[in-house]
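Just the one chain here, the form predicted alone, laid out as structure tokens.
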Amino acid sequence: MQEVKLVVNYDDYEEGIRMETLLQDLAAKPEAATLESLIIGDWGQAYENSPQEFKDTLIQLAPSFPALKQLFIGDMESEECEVSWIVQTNLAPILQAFPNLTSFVIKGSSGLELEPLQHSKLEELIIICGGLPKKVLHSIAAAELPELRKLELYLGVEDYGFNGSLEDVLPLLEKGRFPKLEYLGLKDSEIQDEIAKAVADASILEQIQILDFSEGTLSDEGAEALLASDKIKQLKHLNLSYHFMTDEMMERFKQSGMSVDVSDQQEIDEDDWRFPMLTE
């Protein structure tokens, strides 16, 4: 697959280089016509500048990239910009400008909007962040994504943007909301136990093949509900890696006959402080 990553580092930005120019240069090259994957990394001081600075340019240039299937906006390491600092904007117009996209990945949630979220071919939506605003969750729940097969959301923590509750997650647990969904990732959550207890008897389990609860604060409390669910047992795979379960609970999962990942056990301190893997 043809793939290009565009980056404007700190020094480049200080010297006047902008993401708009890099996009224009790329669009002018012959390989633009066959480019299938575009990754946009740091667009220059992303901790205070949003993609708004280059969004219109990317939308205008969309016809120059007719083969584009995958788009990632915000691919940065913590050394470039902490995930919770990445400033986003309403990215739905970008998605709509590329009708042949099958994969859309976003990193960072500060200022993020997806309104209206509609796409006839999108199969994969991934949002990586330290805290997902409930407004974005509502947009996803109301989305028209008939081909969506994989939905992977980092829910995160209140201190870094998650301002919702279990009630904001529940609509995503309804069977048929996305008719072709096979993989549901509700990851990196500080309310992982609450979600686990809600999903244990959710209708979505009659549809999906993989449930990903990794990187959150899952403890024996939520794990007990999952283990007791007949619907959970029908899944092809259950990912619980990075968790706060006890040795005894881990062993029960290992003996359950399910395909389950219980790796990366975390220690619970005496004050029961538990943190998801990705926050700041």
Partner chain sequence: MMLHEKDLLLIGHPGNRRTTGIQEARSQMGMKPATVLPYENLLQTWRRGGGLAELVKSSSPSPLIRLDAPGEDWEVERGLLHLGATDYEVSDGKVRTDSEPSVKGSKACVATDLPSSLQKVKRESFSAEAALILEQQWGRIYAPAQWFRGWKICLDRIAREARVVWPDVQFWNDPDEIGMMFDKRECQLHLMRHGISVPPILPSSEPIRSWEMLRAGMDASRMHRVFVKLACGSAASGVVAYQVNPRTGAEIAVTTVGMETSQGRTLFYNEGKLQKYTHPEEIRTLLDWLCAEGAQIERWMPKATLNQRAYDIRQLVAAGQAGHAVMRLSHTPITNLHLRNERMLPAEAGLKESHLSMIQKAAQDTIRVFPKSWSAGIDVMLTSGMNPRAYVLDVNPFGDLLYRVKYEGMSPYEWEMKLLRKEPVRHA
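What you are looking at is a predicted structure, and each value in this text was computed from that prediction instead of being measured. Positions refer to the first chain, counted from 1.
Not on display, but discussed next: the form predicted in complex with its partner chain.
**Student:** Are any of the heavy atoms in residue 248 no more than 4.5 Å from a heavy atom of its partner chain in the model of the complex?
**Tutor:** Contact check for residue 248: no, nothing within 4.5 Å of its partner chain in the model of the complex.
**Student:** Is the gap between residue 262 and its partner chain in the model of the complex 4.5 Å or less for some heavy atom pair?
**Tutor:** No, residue 262 is distant from the partner.
**Student:** Quick one: is residue 48 in contact with its partner chain in the model of the complex, heavy atoms, 4.5 Å cut-off?
**Tutor:** So residue 48 counts as contacting its partner chain.
**Student:** Should residue 277 be classed as touching its partner chain in the model of the complex when contacts are defined as heavy atoms within 4.5 Å?
**Tutor:** Looking in the model of the complex, residue contacts with its partner chain do not include residue 277, since no heavy atom lies within 4.5 Å.
**Student:** Any chance 5, 11 and 22 all have a heavy atom within 4.5 Å of its partner chain in the model of the complex?
**Tutor:** Every listed residue reaches its partner chain in the model of the complex, so yes.
**Student:** Though its partner chain is not shown, can you say which of 81, 73, 91, 195 has a heavy atom within 4.5 Å of it in the model of the complex?
**Tutor:** Residue within 4.5 Å of the partner: 81.
**Student:** Just one of 207, 110, 139, 102 has a heavy atom within 4.5 angstroms of its partner chain in the model of the complex, so which one?
**Tutor:** Among 207, 110, 139, 102, a heavy atom within 4.5 Å of its partner chain in the model of the complex occurs only for 110.
**Student:** In the model of the complex, which of 139 to 147, 82 to 90, 177 to 185, 198 to 206 comes within 4.5 Å of its partner chain (heavy atoms)?
**Tutor:** It is the stretch 82 to 90.
**Student:** Taking only heavy atoms into account, state which residues of 160 to 176 are within 4.5 Å of its partner chain in the model of the complex, ordered by sequence.
**Tutor:** Stretch hits: a single one, 160.
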